[in-house]
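Before any questions on binding or motion, here is one chain by itself as structure tokens, the form predicted on its own.
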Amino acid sequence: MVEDKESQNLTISLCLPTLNEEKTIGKEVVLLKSELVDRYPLLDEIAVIDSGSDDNTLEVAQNFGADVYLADDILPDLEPKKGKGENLWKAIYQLEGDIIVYVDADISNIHPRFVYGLVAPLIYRKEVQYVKAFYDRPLAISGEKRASGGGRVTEILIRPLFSLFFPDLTGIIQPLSGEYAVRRNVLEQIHFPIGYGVETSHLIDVYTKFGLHAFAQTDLDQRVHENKSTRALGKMSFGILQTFLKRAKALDIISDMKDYETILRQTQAIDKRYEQKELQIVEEERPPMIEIEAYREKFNRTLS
């Protein structure tokens, strides 16, 4: 694979988006650097893009050999925003690779296949533009693993929505997986929600711009991480739904849609009474990176 990559003069960058991941980031950097930089030079750079961790994430990552960046320090002339999607978007500017691989930083069973399994289709299949991971997701709660239970938002929200409006995309096994590899010339053309909706928007945008044939999927066996509470998944679903509705409106799939609310109302039991909690969740978006002048200057790009 390294020989084929070099024969095509390809460069590959790995982005690890982080926020308070000191427990897992060290293992990820050590393993991926030792196997895929030092032993087999598949990766040209490993970079952590951080949202402002207040633990030792940055120190640990840097000590083990990763390049470390604060998202707020990248493209500093832009108003800073917080969210995983922001980190992913700014990685397009900061990193140099023709291919960018995104891997979440909270994986407790990290393995080199989380990288080489994603980049292989891009090296061997020129028509492939965007590679998604899929895997079994055992439910991990308080250190214990259960055989199944992961991917709840996918099956309750995303799969039904895709079945209704984008049936071709129901073939994506793990649409919300945080592990994927993409060619730069695709990444620079799509919008990036800064929050929970980034993976959903990617699938819709790549599908509508490049077609279903642009996708590939790789079986990475199993992914283990600490799962979120049902209440947290409600927040995630609310943000994803905003992104989906925005895409559906722009594509004229849903017409005459009024502006939607951005307040999520969740009911919780406190002692013997019920209380409604209101959370404002607004899925802001970054424009395609190709529209940013500083990016075009750095990578010698032009607007078509």
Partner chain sequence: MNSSFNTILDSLPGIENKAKELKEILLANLAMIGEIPAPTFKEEERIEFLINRFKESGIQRHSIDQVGNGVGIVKGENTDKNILLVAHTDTVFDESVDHTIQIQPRKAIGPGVADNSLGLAVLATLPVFLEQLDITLENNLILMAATRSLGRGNLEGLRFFLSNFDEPIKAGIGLEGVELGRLSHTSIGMRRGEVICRIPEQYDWSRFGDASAILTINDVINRINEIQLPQRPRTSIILGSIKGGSSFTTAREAVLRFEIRSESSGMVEDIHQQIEEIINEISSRSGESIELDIFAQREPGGVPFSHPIVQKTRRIMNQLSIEPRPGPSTSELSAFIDRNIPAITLGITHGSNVREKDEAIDINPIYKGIAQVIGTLQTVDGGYCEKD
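No experiment lies behind these values; they were computed from the predicted model shown. Residue numbers count along the first chain shown, from 1.
Keep in mind that the form predicted together with its partner chain is not shown, yet the notes after this line are about it.
Worksheet item: Does the 4.5 Å heavy atom contact test between Pro121 and its partner chain in the predicted complex come out positive?
Response: Pro121 lies outside the contact set for its partner chain.
Although its partner chain is absent from this view, report whether Gly52 comes within 4.5 Å of it in the predicted complex, heavy atoms only.
Close contact is absent here: in the predicted complex, Gly52 is far from its partner chain, nothing within 4.5 Å, heavy atoms only.
Residue contact check: Thr262 to its partner chain in the predicted complex, 4.5 Å heavy atom = Because no heavy atom of Thr262 falls inside 4.5 Å of its partner chain in the predicted complex, the answer is no.
field: is_contact(Glu35, its partner chain) in the predicted complex, heavy atom dist at most 4.5 Å
entry: Result yes; Glu35 sits at the interface with its partner chain in the predicted complex.
**Study point:** Region of this chain that lies against its partner chain in the predicted complex, out of 44 to 52, 232 to 240, 62 to 70, 245 to 253 [heavy atom, 4.5 Å]
**Key:** It is the stretch 62 to 70.
Please state whether every one of the three residues Pro17, Pro76 and Tyr93 places a non-hydrogen atom within 4.5 angstroms of its partner chain in the predicted complex.
No, none of Pro17, Pro76 and Tyr93 comes within 4.5 Å of its partner chain in the predicted complex.
The single option of Ser108, Gln189, Thr170, Thr154 touching its partner chain in the predicted complex, heavy atom within 4.5 Å
Only one listed residue qualifies here, and that residue is Ser108.
ask   = Does anything in 1 to 33 come within 4.5 Å of its partner chain in the predicted complex by heavy atoms, and if so which residues, in order?
value = Going through 1 to 33 in order - heavy atoms within 4.5 Å of its partner chain in the predicted complex - the hits are Glu22, Lys23, Gly26, Lys27, Val30, Leu31, Lys33.
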